[in-house]
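Before any questions on binding or motion, here is one chain by itself as structure tokens, the form predicted alone.
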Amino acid sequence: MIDPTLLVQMVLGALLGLSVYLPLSGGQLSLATPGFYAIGGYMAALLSTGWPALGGAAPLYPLPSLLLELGLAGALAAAVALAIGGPVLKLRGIYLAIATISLVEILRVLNLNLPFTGGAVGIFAIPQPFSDPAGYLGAALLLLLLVGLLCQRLEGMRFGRAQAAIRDDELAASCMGIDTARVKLTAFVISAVIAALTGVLSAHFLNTWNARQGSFDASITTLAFVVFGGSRSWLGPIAGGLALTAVPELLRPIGDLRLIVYGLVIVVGPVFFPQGLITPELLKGLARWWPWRQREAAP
């Protein structure tokens, strides 16, 4: 049986995968997710440890205070994304990736040097809103369900069709009357909010937070979630995040060799699954077997 702590980490990884997926589904290679993830984590750490009134007198951190942190972290991440998204999203391809990696590094350096972030040591003793990993698992699954429903809804809306058109040919999409700048900025802001909300849960779950949580390494790892799982459906990043988060922990019995095996999985995976684990063909095949589709097709 899988350890509940590992299950929480897997779900959090799936959420970060979805954060990367949203801009990528519109052809935007944004690697800014760890930066917004760090913003959410620091928001939770600073509010829960620096404002005793939010903790109340109960042994566990109150859920209303956790919801307040989620709201403030999401608002701050959205504001930052709106402020930088306009100029940054004018870039494309590898240039956008470099710009967003630079954003992650700027935030990391700020977190290392600002007086209230704890420097390289970080912030410790973050209070716990749940008494065991099962509580965190329930909260993370609820957030994953809501984000998954949001992605499913967006893909079926005009916004999703605009994303697909921009991914295929941005110039053609613009000529067809699509406001490409607005669509790309919307996806970037939603991605930032998802990452920040995940950071809030992660900070409480880990009980500590520091600048290493939002680094260049995290940018590559979260991108690997999408590449490994598949970037043509929101189910792909979930599959990739769950799988690639679980593999290193499940391989711990083999010691340091687990890092080599983990690297081989990331390298060999795209060779055998060039479109990721979740492909459009797989989804179409599964759709034919859903009971509701069978009833719909029945005379």
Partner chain sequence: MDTLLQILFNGLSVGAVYALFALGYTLVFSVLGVINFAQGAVFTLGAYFTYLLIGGAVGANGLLAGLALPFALPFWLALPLAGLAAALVSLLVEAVAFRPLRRRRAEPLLYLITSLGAGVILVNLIQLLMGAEGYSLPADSLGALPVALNLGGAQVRTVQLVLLGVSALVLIGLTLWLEGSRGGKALQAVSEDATTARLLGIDSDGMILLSFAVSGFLAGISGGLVGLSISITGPYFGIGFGLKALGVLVLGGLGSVPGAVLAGLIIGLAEALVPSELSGYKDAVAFAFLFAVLLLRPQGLLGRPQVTKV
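Positions refer to the first chain, counted from 1. In this text, all values refer to a predicted model and were calculated from it rather than measured experimentally.
FYI, the form predicted together with the partner chain isn't displayed, but the following is about it.
- Not displayed here, the partner chain is kept clear of residue 246 by more than 4.5 Å at the level of heavy atoms in the model of the complex.
- Contact between residue 126 and the partner chain in the model of the complex is not found at the 4.5 Å heavy atom cutoff.
- Though the partner is left out of this view, residue 24 does reach within 4.5 Å of the partner chain in the model of the complex, counting heavy atoms only.
- Interface membership of residue 267, defined by any non-hydrogen atom within 4.5 Å of the partner chain in the model of the complex, is confirmed.
- For the residues 78, 224, 72, 143, the 4.5 Å heavy atom test against the partner chain in the model of the complex is passed only by 224.
- With the partner omitted from this view, the residue of 109, 121, 134, 82 that lies near the partner chain in the model of the complex is 109 [heavy atom within 4.5 Å].
- Stretch-level contact check against the partner chain in the model of the complex with heavy atoms at 4.5 Å: of 206 to 214, 193 to 201, 134 to 142, 83 to 91, the positive one is 83 to 91.
- Taken together, 52, 55 and 67 are entirely out of contact with the partner chain in the model of the complex: none brings a heavy atom within 4.5 Å.
- Contacts between stretch 79 to 115 and the partner chain, counted in the model of the complex as any heavy atom lying within 4.5 Å, involve 87, 88, 91, 94, 95, 98, 99, 101, 102, 103, 105, 106, 109, 110, 113, 114, listed in sequence order.
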